[in-house]
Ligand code: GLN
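The chain below stands alone and is given as structure tokens, in the form predicted alone.
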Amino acid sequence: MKIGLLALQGAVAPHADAFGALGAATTEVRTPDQLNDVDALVIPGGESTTMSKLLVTSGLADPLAERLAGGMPAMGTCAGMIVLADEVLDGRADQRSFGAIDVTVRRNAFGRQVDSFEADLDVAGLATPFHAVFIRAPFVEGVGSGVEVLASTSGHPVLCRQGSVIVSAFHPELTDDLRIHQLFLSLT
């Protein structure tokens, strides 16, 4: 299993470190050929509109859509959640989302950069809380019938799974707790 890390923009290295600590092979993805060479993809945090534009200019947008539609496992954190969502609220009109998970996401829902926070989350399937870091985070406003909400905070889902796609509004790569990355590996 080779995990691709979308490396156009955002927090790539911390994800590589987390998966490496779990013994998983990772590689950076910047081109369609590199995308074709991976079994699963992580879309990191960053800035979702910038990421959306870079997916187009790199030629990755359509190949990524095809791979996701074909069932490629994917993990999206923060901006990655927005990119993988079915619907994005408060996004730009030209911002593309890939519909890999049936959720409606609101960008920057918890507020601006100064409103970033940390919280201990009760995560379905984990014995102890997960300490989560939220930075200009989105949250889920609606989920489809096939989506499992794994964690919520302030009444909003922030960790969801549908099949082999998992999305988080927070940054699990910014902690030493590898359980969210391990959960993704268990889905692939």
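Residue positions are given as counts along the sequence shown, with the first one as 1. Please read all numbers here as calculations on a predicted model, not as lab measurements.
Quick note: we don't show the form predicted in complex with the ligand, though the next part is all about it.
Taking the partner from the other structure, the ligand in the predicted bound form has a heavy atom within 4.5 Å of a heavy atom of residue 79. Proximity of residue 135 to the ligand in the predicted bound form falls within the 4.5 Å heavy atom cutoff. Although the partner is absent here, residue 157 lies well away from the ligand in the predicted bound form, with no heavy atom inside 4.5 Å. Interface membership of residue 47, defined by any non-hydrogen atom within 4.5 Å of the ligand in the predicted bound form, is confirmed. Picking from 149 to 157, 27 to 35, 56 to 64, 135 to 143 the stretch near the ligand in the predicted bound form, with a 4.5 Å limit on heavy atoms, gives 135 to 143.
Applying a 4.5 Å heavy atom cutoff to the ligand in the predicted bound form picks out no residue from 1 to 23.
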